[in-house]
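Read the single chain below, which is given as C-alpha coordinates and is the form predicted on its own.
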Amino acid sequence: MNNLAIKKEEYTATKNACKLCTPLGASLVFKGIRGAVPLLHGSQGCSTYIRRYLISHYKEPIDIACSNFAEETAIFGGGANLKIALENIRRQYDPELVGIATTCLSETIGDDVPMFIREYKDMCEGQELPPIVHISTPSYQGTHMQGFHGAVRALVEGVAEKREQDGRINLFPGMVSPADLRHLKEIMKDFGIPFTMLPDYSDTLDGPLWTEYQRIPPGGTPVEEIRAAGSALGSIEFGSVLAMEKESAGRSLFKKFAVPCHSMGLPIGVDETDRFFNTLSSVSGKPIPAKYQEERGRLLDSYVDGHKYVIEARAVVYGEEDLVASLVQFLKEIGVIPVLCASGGRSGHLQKIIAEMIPDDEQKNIRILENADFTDIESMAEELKADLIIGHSKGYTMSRRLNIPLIRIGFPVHDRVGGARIHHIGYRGTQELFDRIANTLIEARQNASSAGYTYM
(Lines give C-alpha, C1' and ligand atoms only; values in the text may rest on other atoms or scores of the structure.)
Protein backbone atom coordinates (compact mmCIF):
# COMPACT_ATOMS: atom_id res chain seq x y z
CA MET A 1 0.00 0.00 0.00
CA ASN A 2 1.28 3.45 -0.91
CA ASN A 3 1.68 5.44 2.32
CA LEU A 4 2.33 8.74 0.54
CA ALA A 5 -0.42 11.28 1.18
CA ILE A 6 -2.02 12.75 -1.91
CA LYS A 7 -1.98 16.53 -1.61
CA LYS A 8 -5.01 18.22 -3.14
CA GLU A 9 -4.38 21.43 -5.03
CA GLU A 10 -6.25 24.35 -3.54
CA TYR A 11 -8.95 25.69 -5.86
CA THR A 12 -10.51 29.09 -5.50
CA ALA A 13 -13.59 30.05 -7.50
CA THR A 14 -14.37 33.61 -8.50
CA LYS A 15 -17.45 34.61 -6.51
CA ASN A 16 -18.08 38.21 -7.58
CA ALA A 17 -15.64 39.29 -10.26
CA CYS A 18 -14.21 42.81 -10.34
CA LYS A 19 -14.51 42.92 -14.13
CA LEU A 20 -17.08 42.59 -16.93
CA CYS A 21 -17.22 40.56 -20.13
CA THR A 22 -14.89 41.21 -23.06
CA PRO A 23 -17.50 41.85 -25.80
CA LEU A 24 -19.09 44.55 -23.61
CA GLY A 25 -15.97 46.69 -24.01
CA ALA A 26 -15.93 46.11 -27.77
CA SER A 27 -19.64 46.98 -28.06
CA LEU A 28 -19.05 50.26 -26.21
CA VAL A 29 -16.33 51.21 -28.71
CA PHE A 30 -18.57 50.45 -31.70
CA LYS A 31 -21.30 52.61 -30.12
CA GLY A 32 -18.80 55.48 -30.36
CA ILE A 33 -18.55 55.30 -34.17
CA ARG A 34 -20.92 57.40 -36.26
CA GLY A 35 -23.56 55.28 -37.97
CA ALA A 36 -22.14 52.02 -36.57
CA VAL A 37 -24.03 48.95 -35.37
CA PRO A 38 -22.41 46.49 -32.92
CA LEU A 39 -23.10 42.84 -33.76
CA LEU A 40 -22.45 40.03 -31.28
CA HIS A 41 -21.77 36.66 -32.87
CA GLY A 42 -23.37 34.40 -30.29
CA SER A 43 -26.57 33.94 -28.29
CA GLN A 44 -29.26 36.48 -27.50
CA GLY A 45 -28.48 36.24 -23.79
CA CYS A 46 -25.07 37.83 -24.35
CA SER A 47 -26.43 40.85 -26.20
CA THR A 48 -29.26 41.22 -23.65
CA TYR A 49 -26.81 41.18 -20.74
CA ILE A 50 -24.59 43.82 -22.38
CA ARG A 51 -27.53 46.04 -23.32
CA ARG A 52 -28.82 45.83 -19.75
CA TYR A 53 -25.45 46.86 -18.29
CA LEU A 54 -24.90 49.74 -20.71
CA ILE A 55 -28.47 51.05 -20.45
CA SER A 56 -28.35 50.95 -16.64
CA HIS A 57 -25.22 53.12 -16.60
CA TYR A 58 -25.85 55.51 -19.52
CA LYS A 59 -29.66 55.69 -19.23
CA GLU A 60 -30.00 55.64 -23.03
CA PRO A 61 -31.67 53.13 -25.39
CA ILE A 62 -29.00 50.88 -26.91
CA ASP A 63 -29.32 48.52 -29.87
CA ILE A 64 -26.86 45.64 -30.11
CA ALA A 65 -27.51 43.16 -32.91
CA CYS A 66 -27.03 39.42 -32.44
CA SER A 67 -26.51 36.41 -34.72
CA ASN A 68 -28.92 34.50 -32.46
CA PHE A 69 -27.24 31.17 -31.69
CA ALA A 70 -29.45 28.21 -30.81
CA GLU A 71 -28.73 24.54 -30.07
CA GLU A 72 -28.31 23.65 -33.74
CA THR A 73 -25.98 26.60 -34.37
CA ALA A 74 -23.82 25.61 -31.42
CA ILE A 75 -23.29 22.18 -33.01
CA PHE A 76 -22.98 22.98 -36.71
CA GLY A 77 -21.53 26.52 -36.54
CA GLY A 78 -22.90 30.02 -36.90
CA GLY A 79 -21.76 31.04 -40.38
CA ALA A 80 -25.26 31.14 -41.86
CA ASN A 81 -26.59 33.07 -38.86
CA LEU A 82 -23.86 35.68 -39.14
CA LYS A 83 -24.56 36.29 -42.82
CA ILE A 84 -28.31 36.61 -42.15
CA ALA A 85 -27.56 39.04 -39.30
CA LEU A 86 -25.36 41.19 -41.54
CA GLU A 87 -28.05 41.26 -44.23
CA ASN A 88 -30.74 42.22 -41.69
CA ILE A 89 -28.56 45.01 -40.28
CA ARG A 90 -27.93 46.44 -43.75
CA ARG A 91 -31.62 46.37 -44.58
CA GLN A 92 -32.93 47.80 -41.29
CA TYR A 93 -30.18 50.22 -40.22
CA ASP A 94 -28.22 51.16 -43.37
CA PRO A 95 -25.08 51.40 -41.20
CA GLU A 96 -21.84 53.23 -41.96
CA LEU A 97 -19.89 50.44 -40.21
CA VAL A 98 -20.65 47.06 -38.61
CA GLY A 99 -18.51 45.99 -35.67
CA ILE A 100 -18.54 42.24 -34.97
CA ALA A 101 -17.52 40.93 -31.55
CA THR A 102 -17.49 37.22 -30.76
CA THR A 103 -18.83 35.61 -27.59
CA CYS A 104 -17.62 32.64 -25.56
CA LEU A 105 -19.88 30.21 -27.42
CA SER A 106 -18.81 31.10 -30.96
CA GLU A 107 -15.16 31.14 -29.87
CA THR A 108 -15.44 27.77 -28.11
CA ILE A 109 -16.85 25.99 -31.16
CA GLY A 110 -14.15 27.59 -33.31
CA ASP A 111 -16.20 29.68 -35.74
CA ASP A 112 -13.95 31.24 -38.42
CA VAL A 113 -15.48 34.72 -38.46
CA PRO A 114 -12.99 36.27 -40.95
CA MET A 115 -13.86 33.49 -43.40
CA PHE A 116 -17.60 34.10 -42.90
CA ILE A 117 -17.08 37.81 -43.61
CA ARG A 118 -15.16 37.03 -46.81
CA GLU A 119 -17.95 34.66 -47.90
CA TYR A 120 -20.56 37.34 -47.18
CA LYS A 121 -18.63 39.91 -49.23
CA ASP A 122 -18.41 37.42 -52.12
CA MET A 123 -22.20 36.94 -51.89
CA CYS A 124 -22.66 40.71 -52.14
CA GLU A 125 -20.23 41.25 -55.02
CA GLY A 126 -21.11 44.40 -56.92
CA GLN A 127 -22.99 45.91 -53.96
CA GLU A 128 -21.65 48.75 -51.84
CA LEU A 129 -20.91 47.41 -48.36
CA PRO A 130 -20.00 49.36 -45.20
CA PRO A 131 -16.69 48.50 -43.50
CA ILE A 132 -17.05 45.32 -41.44
CA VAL A 133 -14.61 45.19 -38.50
CA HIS A 134 -14.14 42.01 -36.47
CA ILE A 135 -12.59 41.56 -33.03
CA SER A 136 -12.16 38.26 -31.18
CA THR A 137 -13.58 38.71 -27.65
CA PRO A 138 -14.02 35.48 -25.67
CA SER A 139 -14.77 36.48 -22.08
CA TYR A 140 -12.88 33.54 -20.61
CA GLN A 141 -9.69 35.07 -22.02
CA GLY A 142 -9.94 38.67 -20.90
CA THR A 143 -11.88 41.58 -19.45
CA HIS A 144 -14.08 44.35 -20.81
CA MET A 145 -11.01 46.59 -21.04
CA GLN A 146 -9.24 44.13 -23.30
CA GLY A 147 -12.35 44.08 -25.49
CA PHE A 148 -12.39 47.89 -25.50
CA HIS A 149 -8.72 48.36 -26.44
CA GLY A 150 -8.87 45.45 -28.89
CA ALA A 151 -11.82 47.00 -30.74
CA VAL A 152 -10.05 50.38 -31.04
CA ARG A 153 -6.99 48.61 -32.45
CA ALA A 154 -9.13 46.56 -34.86
CA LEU A 155 -10.78 49.75 -36.16
CA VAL A 156 -7.51 51.51 -37.02
CA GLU A 157 -6.00 48.33 -38.46
CA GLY A 158 -9.07 47.71 -40.61
CA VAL A 159 -9.93 51.26 -41.69
CA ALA A 160 -6.96 53.69 -41.36
CA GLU A 161 -5.05 54.72 -44.48
CA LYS A 162 -1.99 56.80 -45.37
CA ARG A 163 -3.03 60.19 -46.71
CA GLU A 164 -1.64 63.70 -46.99
CA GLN A 165 -0.90 65.05 -43.52
CA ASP A 166 -3.34 67.68 -42.28
CA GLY A 167 -1.91 68.45 -38.83
CA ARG A 168 -4.32 66.04 -37.15
CA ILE A 169 -3.68 64.36 -33.77
CA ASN A 170 -5.20 60.98 -32.91
CA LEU A 171 -6.55 60.78 -29.37
CA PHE A 172 -7.29 57.36 -27.86
CA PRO A 173 -8.86 58.25 -24.49
CA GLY A 174 -9.72 54.78 -23.23
CA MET A 175 -12.92 53.93 -21.37
CA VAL A 176 -13.78 57.30 -19.84
CA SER A 177 -17.18 58.93 -19.37
CA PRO A 178 -19.11 60.94 -21.99
CA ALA A 179 -18.48 64.00 -19.80
CA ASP A 180 -14.74 63.33 -20.04
CA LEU A 181 -14.96 62.92 -23.82
CA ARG A 182 -16.74 66.27 -24.14
CA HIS A 183 -14.05 67.90 -22.00
CA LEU A 184 -11.31 66.39 -24.17
CA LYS A 185 -13.00 67.75 -27.30
CA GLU A 186 -13.19 71.16 -25.64
CA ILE A 187 -9.45 71.03 -24.86
CA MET A 188 -8.53 70.05 -28.44
CA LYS A 189 -10.69 72.84 -29.88
CA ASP A 190 -9.19 75.39 -27.47
CA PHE A 191 -5.73 74.36 -28.69
CA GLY A 192 -6.99 74.76 -32.27
CA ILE A 193 -5.83 71.26 -33.21
CA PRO A 194 -7.65 69.09 -35.77
CA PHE A 195 -8.12 65.70 -34.13
CA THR A 196 -9.64 62.25 -34.37
CA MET A 197 -10.95 60.91 -31.06
CA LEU A 198 -11.62 57.19 -31.06
CA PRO A 199 -14.12 56.25 -29.78
CA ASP A 200 -16.49 59.16 -29.17
CA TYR A 201 -19.75 58.13 -27.48
CA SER A 202 -20.25 61.52 -25.82
CA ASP A 203 -23.42 62.09 -27.87
CA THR A 204 -24.47 58.56 -28.81
CA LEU A 205 -24.66 57.50 -25.13
CA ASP A 206 -25.49 60.84 -23.51
CA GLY A 207 -27.62 62.77 -25.95
CA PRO A 208 -30.58 65.13 -25.62
CA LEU A 209 -34.20 64.06 -25.29
CA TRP A 210 -35.66 62.60 -28.49
CA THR A 211 -39.17 63.24 -29.76
CA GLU A 212 -39.08 59.85 -31.50
CA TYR A 213 -36.89 56.74 -31.29
CA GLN A 214 -33.69 56.73 -33.37
CA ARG A 215 -32.18 53.37 -34.23
CA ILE A 216 -28.71 54.87 -34.57
CA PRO A 217 -28.22 57.95 -32.36
CA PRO A 218 -26.42 60.92 -33.92
CA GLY A 219 -22.79 61.54 -33.05
CA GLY A 220 -19.69 59.39 -32.86
CA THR A 221 -16.33 59.30 -34.64
CA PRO A 222 -16.87 59.51 -38.43
CA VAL A 223 -15.47 56.57 -40.41
CA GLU A 224 -13.75 59.08 -42.70
CA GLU A 225 -11.77 60.44 -39.73
CA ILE A 226 -10.66 56.93 -38.77
CA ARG A 227 -9.39 56.54 -42.34
CA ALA A 228 -7.31 59.70 -41.89
CA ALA A 229 -5.71 58.39 -38.67
CA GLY A 230 -2.77 56.96 -40.64
CA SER A 231 -1.68 60.48 -41.64
CA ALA A 232 -1.71 62.15 -38.22
CA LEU A 233 1.11 64.20 -36.67
CA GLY A 234 0.98 61.82 -33.73
CA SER A 235 -1.21 59.73 -31.46
CA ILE A 236 -1.87 60.25 -27.74
CA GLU A 237 -2.99 57.12 -25.93
CA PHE A 238 -4.20 57.08 -22.32
CA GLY A 239 -3.44 54.12 -20.06
CA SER A 240 -0.27 53.34 -18.09
CA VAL A 241 -1.09 49.61 -18.14
CA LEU A 242 -1.97 49.77 -21.84
CA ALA A 243 1.43 51.41 -22.44
CA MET A 244 3.12 48.21 -21.23
CA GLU A 245 1.14 45.89 -23.50
CA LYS A 246 2.63 44.63 -26.77
CA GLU A 247 -0.23 45.87 -28.93
CA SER A 248 -2.40 48.98 -29.01
CA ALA A 249 -4.05 51.24 -31.57
CA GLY A 250 -1.31 53.86 -31.24
CA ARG A 251 1.53 51.37 -31.66
CA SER A 252 -0.27 49.76 -34.60
CA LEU A 253 -0.39 53.14 -36.39
CA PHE A 254 3.27 53.69 -35.62
CA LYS A 255 4.28 50.31 -37.07
CA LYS A 256 2.13 50.63 -40.19
CA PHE A 257 2.26 54.37 -40.95
CA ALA A 258 5.13 55.72 -38.75
CA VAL A 259 2.68 57.90 -36.75
CA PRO A 260 4.49 58.73 -33.46
CA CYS A 261 2.71 57.35 -30.38
CA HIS A 262 2.75 59.11 -27.01
CA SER A 263 1.55 56.86 -24.18
CA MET A 264 0.62 58.19 -20.73
CA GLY A 265 -1.68 57.55 -17.81
CA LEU A 266 -5.19 58.95 -17.65
CA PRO A 267 -4.85 62.69 -16.95
CA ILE A 268 -6.15 62.58 -13.37
CA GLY A 269 -4.24 64.80 -10.94
CA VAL A 270 -1.87 67.70 -11.56
CA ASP A 271 1.16 65.68 -12.69
CA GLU A 272 -0.57 63.51 -15.30
CA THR A 273 -2.70 66.41 -16.58
CA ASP A 274 0.46 68.52 -16.91
CA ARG A 275 1.99 65.71 -18.94
CA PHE A 276 -1.02 65.58 -21.26
CA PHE A 277 -1.09 69.34 -21.85
CA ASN A 278 2.67 69.53 -22.35
CA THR A 279 2.51 66.68 -24.88
CA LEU A 280 -0.32 68.42 -26.76
CA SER A 281 1.72 71.63 -26.83
CA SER A 282 4.87 69.83 -27.98
CA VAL A 283 3.21 67.81 -30.75
CA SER A 284 1.12 70.71 -32.08
CA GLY A 285 3.61 73.50 -31.52
CA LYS A 286 0.89 75.57 -29.84
CA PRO A 287 0.93 77.10 -26.33
CA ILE A 288 -1.32 75.87 -23.53
CA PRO A 289 -4.44 78.09 -23.43
CA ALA A 290 -4.55 80.49 -20.48
CA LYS A 291 -7.88 79.13 -19.18
CA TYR A 292 -6.24 75.79 -18.35
CA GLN A 293 -3.36 77.50 -16.53
CA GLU A 294 -6.06 79.18 -14.42
CA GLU A 295 -7.85 75.85 -13.81
CA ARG A 296 -4.52 74.36 -12.70
CA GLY A 297 -3.96 77.23 -10.27
CA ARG A 298 -7.44 76.84 -8.74
CA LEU A 299 -6.84 73.11 -8.33
CA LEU A 300 -3.55 73.68 -6.51
CA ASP A 301 -5.24 76.24 -4.26
CA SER A 302 -7.93 73.70 -3.36
CA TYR A 303 -5.22 71.13 -2.52
CA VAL A 304 -3.85 73.62 0.02
CA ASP A 305 -7.31 74.40 1.42
CA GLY A 306 -8.37 70.76 1.76
CA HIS A 307 -5.07 69.11 2.65
CA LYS A 308 -5.83 68.83 6.37
CA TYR A 309 -9.04 66.88 5.66
CA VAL A 310 -7.53 64.23 3.36
CA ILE A 311 -3.97 63.75 4.58
CA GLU A 312 -3.19 60.10 5.43
CA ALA A 313 -6.76 58.96 4.90
CA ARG A 314 -6.80 55.27 3.96
CA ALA A 315 -8.51 54.33 0.69
CA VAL A 316 -9.52 51.13 -1.10
CA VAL A 317 -9.37 51.65 -4.88
CA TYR A 318 -10.73 49.15 -7.42
CA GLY A 319 -11.81 49.00 -11.06
CA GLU A 320 -10.13 48.86 -14.47
CA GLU A 321 -6.34 48.62 -14.21
CA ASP A 322 -5.64 51.90 -16.04
CA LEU A 323 -8.15 53.78 -13.88
CA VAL A 324 -6.78 52.27 -10.66
CA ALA A 325 -3.20 53.17 -11.62
CA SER A 326 -4.15 56.77 -12.42
CA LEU A 327 -6.18 57.12 -9.21
CA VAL A 328 -3.24 55.83 -7.18
CA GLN A 329 -1.00 58.51 -8.72
CA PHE A 330 -3.60 61.16 -7.86
CA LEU A 331 -4.14 59.90 -4.29
CA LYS A 332 -0.39 59.95 -3.70
CA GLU A 333 -0.42 63.57 -4.88
CA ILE A 334 -3.01 64.65 -2.28
CA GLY A 335 -1.64 62.57 0.60
CA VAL A 336 -4.27 59.79 0.69
CA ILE A 337 -2.80 56.30 1.21
CA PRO A 338 -4.24 53.74 -1.24
CA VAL A 339 -3.98 50.82 1.19
CA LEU A 340 -5.63 48.42 -1.26
CA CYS A 341 -5.41 48.67 -5.06
CA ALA A 342 -7.52 45.99 -6.77
CA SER A 343 -8.58 45.06 -10.27
CA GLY A 344 -10.14 42.13 -12.05
CA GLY A 345 -7.55 42.61 -14.79
CA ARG A 346 -4.63 40.24 -14.95
CA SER A 347 -2.10 41.98 -17.17
CA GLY A 348 0.62 41.43 -14.58
CA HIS A 349 1.67 45.11 -14.88
CA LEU A 350 -0.35 46.79 -12.14
CA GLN A 351 1.93 45.84 -9.24
CA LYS A 352 5.04 47.10 -11.03
CA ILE A 353 3.40 50.39 -11.99
CA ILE A 354 2.18 51.10 -8.46
CA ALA A 355 5.55 50.13 -6.97
CA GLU A 356 7.17 52.73 -9.24
CA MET A 357 4.61 55.35 -8.19
CA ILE A 358 4.98 54.58 -4.47
CA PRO A 359 8.48 53.14 -3.87
CA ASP A 360 7.77 52.67 -0.13
CA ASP A 361 4.56 50.70 -0.76
CA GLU A 362 5.70 47.79 1.42
CA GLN A 363 6.57 50.13 4.27
CA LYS A 364 3.10 51.68 3.98
CA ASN A 365 1.57 48.18 3.86
CA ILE A 366 -0.12 48.83 0.51
CA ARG A 367 -1.73 45.71 -0.93
CA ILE A 368 -2.21 45.11 -4.64
CA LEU A 369 -4.72 42.55 -5.92
CA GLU A 370 -4.82 41.52 -9.58
CA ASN A 371 -7.46 39.16 -11.02
CA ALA A 372 -9.43 40.05 -7.88
CA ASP A 373 -13.01 39.42 -6.89
CA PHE A 374 -15.06 41.35 -4.35
CA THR A 375 -14.91 38.60 -1.73
CA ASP A 376 -11.13 39.09 -1.52
CA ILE A 377 -11.41 42.88 -1.76
CA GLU A 378 -13.94 43.07 1.08
CA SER A 379 -11.96 40.79 3.36
CA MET A 380 -8.80 42.82 2.85
CA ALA A 381 -10.59 46.19 3.12
CA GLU A 382 -11.91 45.22 6.56
CA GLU A 383 -8.47 44.09 7.69
CA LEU A 384 -6.79 47.31 6.49
CA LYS A 385 -9.35 49.56 8.23
CA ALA A 386 -9.98 51.85 5.27
CA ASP A 387 -11.62 55.27 5.61
CA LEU A 388 -13.19 55.31 2.16
CA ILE A 389 -13.73 53.18 -0.93
CA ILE A 390 -13.30 54.49 -4.48
CA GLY A 391 -14.79 52.45 -7.32
CA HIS A 392 -17.92 51.60 -9.27
CA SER A 393 -21.34 50.45 -8.04
CA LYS A 394 -20.45 46.78 -7.77
CA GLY A 395 -18.73 47.66 -4.48
CA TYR A 396 -21.88 49.06 -2.88
CA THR A 397 -22.79 45.96 -0.84
CA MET A 398 -19.20 45.77 0.44
CA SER A 399 -19.37 49.44 1.40
CA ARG A 400 -22.69 48.89 3.19
CA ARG A 401 -21.53 45.83 5.14
CA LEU A 402 -18.27 47.48 6.23
CA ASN A 403 -19.90 50.87 6.87
CA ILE A 404 -17.23 52.60 4.79
CA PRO A 405 -18.35 55.41 2.44
CA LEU A 406 -18.17 54.69 -1.30
CA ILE A 407 -17.18 57.30 -3.90
CA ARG A 408 -18.61 56.08 -7.18
CA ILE A 409 -16.30 56.44 -10.15
CA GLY A 410 -15.74 54.54 -13.39
CA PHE A 411 -18.07 51.92 -14.90
CA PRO A 412 -20.67 50.71 -14.04
CA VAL A 413 -22.65 53.12 -11.88
CA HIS A 414 -26.00 51.35 -11.58
CA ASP A 415 -27.42 52.69 -8.32
CA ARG A 416 -27.21 56.42 -9.00
CA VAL A 417 -28.26 58.68 -11.86
CA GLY A 418 -25.59 60.55 -13.81
CA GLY A 419 -23.03 57.81 -14.35
CA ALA A 420 -22.43 59.19 -17.84
CA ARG A 421 -21.81 62.67 -16.43
CA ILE A 422 -19.19 61.81 -13.82
CA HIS A 423 -16.14 63.87 -14.66
CA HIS A 424 -12.76 62.27 -13.96
CA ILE A 425 -10.02 63.85 -16.06
CA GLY A 426 -8.15 67.11 -16.58
CA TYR A 427 -7.68 69.82 -13.96
CA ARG A 428 -11.45 70.30 -13.93
CA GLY A 429 -12.28 66.63 -13.42
CA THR A 430 -9.56 66.31 -10.79
CA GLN A 431 -11.04 69.31 -8.97
CA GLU A 432 -14.46 67.63 -8.82
CA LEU A 433 -12.94 64.36 -7.63
CA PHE A 434 -10.82 66.07 -4.96
CA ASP A 435 -13.86 67.92 -3.61
CA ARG A 436 -15.88 64.67 -3.47
CA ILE A 437 -13.11 62.89 -1.55
CA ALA A 438 -12.62 65.75 0.91
CA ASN A 439 -16.34 66.19 1.53
CA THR A 440 -16.91 62.43 1.91
CA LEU A 441 -14.24 62.27 4.61
CA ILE A 442 -15.59 65.40 6.31
CA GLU A 443 -19.13 63.99 6.28
CA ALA A 444 -17.99 60.66 7.76
CA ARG A 445 -16.20 62.44 10.62
CA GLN A 446 -19.14 64.80 11.08
CA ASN A 447 -21.59 61.88 11.36
CA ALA A 448 -19.27 60.12 13.83
CA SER A 449 -19.03 63.20 16.02
CA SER A 450 -21.29 63.42 19.06
CA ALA A 451 -21.64 67.16 18.46
CA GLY A 452 -22.20 66.96 14.69
CA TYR A 453 -20.19 70.15 14.16
CA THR A 454 -21.51 72.64 11.60
CA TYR A 455 -18.49 74.95 11.10
CA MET A 456 -14.87 74.21 10.27
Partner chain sequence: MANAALKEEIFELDGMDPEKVKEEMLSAYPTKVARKRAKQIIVNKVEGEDVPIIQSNVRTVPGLIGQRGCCYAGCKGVVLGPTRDIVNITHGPIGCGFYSWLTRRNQTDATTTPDGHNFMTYCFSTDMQDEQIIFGGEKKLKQAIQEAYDNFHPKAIAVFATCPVGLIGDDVHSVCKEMKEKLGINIFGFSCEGYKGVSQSAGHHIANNQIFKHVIGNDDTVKDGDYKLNLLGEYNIGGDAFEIERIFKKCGITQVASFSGNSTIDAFANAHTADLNLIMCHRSINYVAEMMEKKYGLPWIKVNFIGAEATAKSLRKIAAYFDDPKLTEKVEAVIAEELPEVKKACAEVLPRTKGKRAMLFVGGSRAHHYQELFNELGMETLSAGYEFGHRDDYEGRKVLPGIKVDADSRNIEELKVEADPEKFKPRKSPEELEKLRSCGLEFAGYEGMMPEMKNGSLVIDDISQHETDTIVEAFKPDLFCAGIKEKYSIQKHGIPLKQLHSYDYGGPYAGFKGAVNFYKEIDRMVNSKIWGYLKAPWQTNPELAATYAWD
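Fair warning: this is a prediction, and the values are worked out from it, not measured in the lab. Numbering follows the first chain given and starts at 1.
Although not depicted, the form predicted together with its partner chain is the subject of the following passage.
When contacts are judged by a 4.5 Å heavy atom cut-off, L20 counts as touching its partner chain in the predicted complex. Residue contact check for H424: none of its heavy atoms lie within 4.5 Å of its partner chain in the predicted complex. Contact check for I50: a non-hydrogen atom falls within 4.5 Å of its partner chain in the predicted complex. Mapping the unseen interface onto this chain, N68 counts among the residues with a heavy atom inside 4.5 Å of its partner chain in the predicted complex.
Proximity to its partner chain in the predicted complex, defined as a heavy atom within 4.5 Å, holds among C124, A355, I84, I311 only for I84. Checked against its partner chain in the predicted complex, the residues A420, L402, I64, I407 give one hit for a heavy atom within 4.5 Å, which is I64. The three residues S56, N88 and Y93 all sit with a heavy atom within 4.5 Å of its partner chain in the predicted complex. Stretch-level contact analysis of 207-215, 244-252, 149-157, 284-292 against its partner chain in the predicted complex, using heavy atoms and a 4.5 Å limit, identifies 207-215. Residues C104, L105, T108, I109 of 97-111 are found to place at least one heavy atom within 4.5 Å of its partner chain in the predicted complex.
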